[in-house]
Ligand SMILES: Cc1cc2nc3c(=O)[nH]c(=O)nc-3n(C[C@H](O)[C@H](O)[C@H](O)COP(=O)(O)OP(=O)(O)OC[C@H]3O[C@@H](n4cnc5c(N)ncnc54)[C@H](O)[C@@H]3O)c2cc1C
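Quick setup: one chain, the form predicted alone, written in structure tokens, and binding and motion questions come after.
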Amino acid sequence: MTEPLCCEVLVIGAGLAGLTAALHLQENGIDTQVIEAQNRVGGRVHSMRQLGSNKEAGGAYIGAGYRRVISAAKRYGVKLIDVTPTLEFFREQELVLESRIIRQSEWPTHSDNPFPEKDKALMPWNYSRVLIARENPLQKTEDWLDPNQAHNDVSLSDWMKGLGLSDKAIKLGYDMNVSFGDNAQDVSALLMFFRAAFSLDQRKQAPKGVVGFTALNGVQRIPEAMAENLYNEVHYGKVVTSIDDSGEQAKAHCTDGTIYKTPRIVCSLPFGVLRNIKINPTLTGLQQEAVKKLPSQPVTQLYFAHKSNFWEADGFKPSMFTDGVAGMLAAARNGEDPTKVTSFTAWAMGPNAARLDSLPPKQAADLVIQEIEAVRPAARGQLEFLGLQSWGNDPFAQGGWAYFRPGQVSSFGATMGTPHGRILFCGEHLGLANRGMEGAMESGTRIAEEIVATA
């Protein structure tokens, strides 16, 4: 019989949340062991170095107001690079509707533009963001969990209709290559208010003139550097199948037969992964419902090299935002010259990602290339498929990020992270006042502080 490995706290998952918790516990003299199912740290912060020039599959860039992430980079010796000059080019993209390219200059007076007169100049890819920021009822980010905001926990579609927008305006202003849910009916307006309030707060904290950063050798260098500062090395390849909290101490069982015995477990896994782990005693009530039902966004990225500057031949911008399966085709500029395109990434979200995820990678890439070439004949034969990252098909992620459907925020948003016996939970989905990487680190710190306070 395998002899259990013992520690004071076991952290399951070596993403930003788990590593943040582990380092905070370590600083307070608590013996902590981090285990990770994969052969790398970072979770959904992943630099695709095998494809060259550090193509980012997760944690694409660091917002200039991301205090926790930036602080960790500085503390653990990771050099940050200002990408503001490069990000400026992301505003330069063409709109593609029904296989027709529409220039940004044409959009305000275009016959397909369904937006209200005062918003005609807004492009579909940023319309909902501007609208939500303008009409946001939240005064502070953490207000999204206030019971007094429950009346806003309706579908984004219903909220937009309440402002007088047509179905066509909602479809073009939100549903194209959607970042949260399948469409505006599938996501809570309250979540979107929270996201907008968080973005505004980040911009206020950012240094003047700076939009964001990347890290030398990829954003994944940050969690790697964090892991390098742990006294106990991360144990890789530890896929947890069950957690038993019925005895004097909790035990985590892994597929390779390893057993960890500990007074406390910090679980940083996404709920889509956690729902496949047997927990004894079982989760109950709203927490059980949250683990079973909280959805995660399908996100698939396809990476391409280009054989020529085909955009110079057709006169359009290299990047495109489409209503098809190609989603957003973004020209990357990862070289020393920010004006030079180094590669392309097709970002497919929601239903677009789900459709591509049903295909073998090469077939998915062929479908995307065919769509691009149909719109831009100059691109024919000019794109070379390099690789693909599907977060929806990743068994250790089950999606790119969590989102809330209408009614879910007010139902279990404030209680789904409640400790369950000796098990405590953290992760980007449990950020109370922050989202994404910042939310992950916020939650990891909060859980570690709770353990330290009771140690």
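Keep in mind it's a predicted model, so treat the numbers as computed, not measured. For every residue, the number given is its place in the sequence shown, counted from 1.
Just so you know, the form predicted in complex with the named molecule exists too; it's not on screen, but the next bit is about it.
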| query | finding |
| --- | --- |
| Touches the named molecule in the predicted bound form: Ile447 (any heavy atom, 4.5 Å) | no |
| Residue contact check: Leu388 to the named molecule in the predicted bound form, 4.5 Å heavy atom | no |
| In the predicted bound form, Gly58 touching the named molecule (heavy atom, 4.5 Å) | yes |
| Partner contact for Lys251 in the predicted bound form: the named molecule, 4.5 angstroms, heavy atom | no |
| Answer range among 356-364, 188-196, 236-244, 257-265 for contact with the named molecule, defined in the predicted bound form as heavy atoms within 4.5 Å | 236-244 |
| Triple contact flag Pro124, Gly327 and Ala331 to the named molecule in the predicted bound form, non-hydrogen atom at 4.5 angstroms | no |
| Interface residue in the predicted bound form among Ala37, Ile423, Met416, Ala64, criterion: non-hydrogen atom within 4.5 angstroms of the named molecule | Ala37 |
| Sole residue of Trp159, Phe304, Trp107, Trp347 within 4.5 Å of the named molecule in the predicted bound form, by heavy atom | Trp347 |
| Residues within stretch 263-277 having a non-hydrogen atom within 4.5 Å of the named molecule in the predicted bound form | Ser268, Leu269, Pro270, Val273, Ile277 |
